[in-house]
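The chain below stands alone, shown as structure tokens; this is the form predicted on its own.
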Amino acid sequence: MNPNDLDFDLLLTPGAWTALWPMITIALGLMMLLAAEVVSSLRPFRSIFFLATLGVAALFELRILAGPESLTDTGGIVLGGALVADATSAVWGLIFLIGTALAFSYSTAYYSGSEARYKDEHDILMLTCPLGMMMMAGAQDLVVFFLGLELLSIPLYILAAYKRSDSKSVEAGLKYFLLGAFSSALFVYGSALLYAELGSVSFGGAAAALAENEMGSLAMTGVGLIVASILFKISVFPFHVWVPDVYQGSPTPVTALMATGTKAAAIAFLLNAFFLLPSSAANLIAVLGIVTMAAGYFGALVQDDLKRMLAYSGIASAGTVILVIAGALANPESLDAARTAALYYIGAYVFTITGAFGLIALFERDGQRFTRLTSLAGLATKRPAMAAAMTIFVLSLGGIPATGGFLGKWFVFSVLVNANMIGFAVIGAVLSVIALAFYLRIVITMWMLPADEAHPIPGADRPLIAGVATAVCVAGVILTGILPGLFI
């Protein structure tokens, strides 16, 4: 298409502006943070700018969630079919904004020394991440998704290596960059193959082409490469080996954002591009999900470092949430239920894993040795509130009833049951029970083992904003566990 032939009046409709305002808000917030870096009188207000930007963007997402007439007339499809803004994308957006706000809250007092001098750059990079996530979740075009993917990935590469004085952080950033670049190359190559056969990179154009002809080998190869790239971002077996090293080496607040945002945005894309996946792939994806769960849970059993333990737990969670794709492929009528299950699981997971990593960030401020499991011995005696919060997060990860983690897994497994994939649901439930073996190790260490009086208990200095973030995470875990109707 000739750019001179584009009619921007038709593209930038009232519905398009409604859809774009959350992303425009973040872009304006980034400009405010850049201005605060230059104008010294604005620097004390950086945190306010950051959180206010996320808050205003959340209000615009709530407006989309309400279903304004300018969007419902087109089914939420805007910008000539390049982007969708409906209730589902709005909820994804809210999840991204909440996760970023919580990660930022824990980062405010995490850095020290020379790292704190460059906190302005850190905040700008972190605020860029939800912008990329929103583009990924709302993309109805492979090019738009790729732009969002890079807008998320490049800041995370830098943030992973942010602690330049720590060799593990630099190693984490380098590993994530090299593997992420390879993953992006797979996506681009797959998109090129798909375009070569279908003649379009938009979902609407691809769907129309597939309605006239069956998918050929070239397009199927392209879809395979695209899915492989997405599975890397979600950290599904066998694309999960980078996770423990990258999660352990990265700054802990960055790890929290990495563990939630990338999974959520990639799952949202797979659900949007669901029509590209053949129904025959249902069992294969289910097997990958189960194997990923097993790799994550059994890998966590032998870990003594809390960050590596939660990294393997994150791998298992990726395997759990990918099961909704298998269930939807086996029973296409359950696609809406699969979307609900994925949203609920990821929503509860954001509160759970961000809170857990946030507490570890508080421990790590006193020294990296406090990320070892043994350093939590006697925590309940000296820091009962922190021990209680960590216990709630751990029990939610283990899928104990009355927590968001339990209902999240229940919704996921119910999609499998409704798709007559009961065997996979049973295996997933059994693996979740096995996982309690290492989750309960954390609880036992905190509550039943005596403290070593020769060594201090971590987490003595707790910033107010981190305490508020922890309270929000605890409330989120409990409310998603006992009041599902409030969120559904």
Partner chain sequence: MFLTALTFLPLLGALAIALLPSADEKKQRIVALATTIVVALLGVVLFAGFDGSSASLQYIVDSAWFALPGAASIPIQFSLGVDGISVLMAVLTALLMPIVILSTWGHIDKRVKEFMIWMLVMETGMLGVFLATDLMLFYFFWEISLVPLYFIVGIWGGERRLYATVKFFLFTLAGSLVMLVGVIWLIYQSKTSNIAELSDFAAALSGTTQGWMFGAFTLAFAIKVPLLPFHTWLADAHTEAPTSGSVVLAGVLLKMGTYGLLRFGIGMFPEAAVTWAPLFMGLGAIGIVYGAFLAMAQTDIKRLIACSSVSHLGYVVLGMFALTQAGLRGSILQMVNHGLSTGMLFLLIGMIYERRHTRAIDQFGGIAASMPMFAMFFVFAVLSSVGLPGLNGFVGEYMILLGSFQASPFWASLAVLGVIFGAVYLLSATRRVLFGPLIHEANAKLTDMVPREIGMCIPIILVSVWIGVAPNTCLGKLDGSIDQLVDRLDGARVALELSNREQEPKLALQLAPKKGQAR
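Positions refer to the first chain, counted from 1. Please read these numbers as outputs of a predicted model, since none were measured by experiment.
Keep in mind the form predicted together with its partner chain is missing from the figure; the text below concerns it.
Kindly confirm or deny that 402, 417 and 436 each have some heavy atom within 4.5 angstroms of its partner chain in the predicted complex. All of them do, each having a heavy atom within 4.5 Å of the partner.
Flag residue 407 as yes or no: does it have a non-hydrogen atom within 4.5 angstroms of any non-hydrogen atom of its partner chain in the predicted complex? Although its partner chain is absent here, residue 407 would touch it in the predicted complex, with heavy atoms inside 4.5 Å.
Tell me, yes or no, whether residue 447 is in contact with its partner chain in the predicted complex, where a contact means a heavy atom of each within 4.5 Å. Looking in the predicted complex, residue contacts with its partner chain include residue 447, since a heavy atom lies within 4.5 Å.
Should residue 36 be counted as a contact of its partner chain in the predicted complex, where contact means heavy atoms within 4.5 Å? No - in the predicted complex, heavy atoms of residue 36 and its partner chain never come within 4.5 Å of each other.
So, in the predicted complex, is residue 380 in contact with its partner chain at a 4.5 angstroms heavy atom limit? Residue-level check for residue 380: yes, a contact with its partner chain.
Contact assignment for its partner chain in the predicted complex, among 184, 391, 108, 221, heavy atom within 4.5 Å: Among 184, 391, 108, 221, a heavy atom within 4.5 Å of its partner chain in the predicted complex occurs only for 391.
Which pick from 248, 340, 262, 140 sits with a heavy atom within 4.5 Å of its partner chain in the predicted complex? For this set of options, the contacting one is 340.
Quick check for you: of 271-279, 194-202, 408-416, 324-332, which stretch puts a non-hydrogen atom within 4.5 Å of its partner chain in the predicted complex? In the other structure, the partner sits against 408-416.
Output the sequence-ordered list of residues from 183-221 with at least one heavy atom within 4.5 Å of its partner chain in the predicted complex. Nothing in the stretch sits within 4.5 Å of the partner.
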